[in-house]
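One chain is shown next in structure tokens, namely the form predicted alone.
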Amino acid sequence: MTQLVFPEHANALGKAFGGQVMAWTDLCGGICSMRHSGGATVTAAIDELTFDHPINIGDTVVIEARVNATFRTSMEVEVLVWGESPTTGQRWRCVEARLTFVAIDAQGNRRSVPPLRPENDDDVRRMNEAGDRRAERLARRKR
């Protein structure tokens, strides 16, 4: 997903609002989860969202999302947000985030998510780490 930072997306310092970047992150992650699951999804959790560098008015924002792991009705999606200078093409990482989405049907009930098929060792690592994060999140909910 690609966006351009306009003045209405920025604070008084000319930097993109964190909330705007978070909205773009959620949107891109949601599209990714919908594509994988073949239907509607809702955001259930944001486990991690880290701002590394600001993005200025006039910069391009490039947002990439990938499914790290799937579970019965949910999936973890990793989203990377890059700032990009339209004049030089230079890119820098602005945000890294991990979000959990739940697949729902037309009545709002949970539905099954297709399994993720790892293609390499990095995919297996991502799946295992996502499983660990899920277990930690579920344990926190029980407290």
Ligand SMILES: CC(C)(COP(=O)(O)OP(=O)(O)OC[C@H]1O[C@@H](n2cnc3c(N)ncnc32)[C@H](O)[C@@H]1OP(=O)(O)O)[C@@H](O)C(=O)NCCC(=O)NCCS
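Quick note: we count residues from 1 along the sequence shown, nothing fancier. Because the structure is a prediction, the values reported are computed rather than measured.
FYI, the form predicted together with this ligand isn't displayed, but the following is about it.
- Using a 4.5 angstroms limit between non-hydrogen atoms, His53 is distant from this ligand in the predicted bound form.
- When contacts are judged by a 4.5 Å heavy atom cut-off, Leu49 does not count as touching this ligand in the predicted bound form.
- Though the partner is left out of this view, Thr43 does reach within 4.5 Å of this ligand in the predicted bound form, counting heavy atoms only.
- Thr100 belongs to the set of residues with a heavy atom inside 4.5 Å of this ligand in the predicted bound form.
- Considering this ligand in the predicted bound form, the lone stretch of 32 to 40, 89 to 97, 114 to 122, 64 to 72 in range is 64 to 72 [heavy atom distance within 4.5 Å].
- Contact residues in stretch 112 to 143 (any heavy atom within 4.5 Å of this ligand, taken in the predicted bound form) are Arg134, Arg137, Leu138, Arg141.
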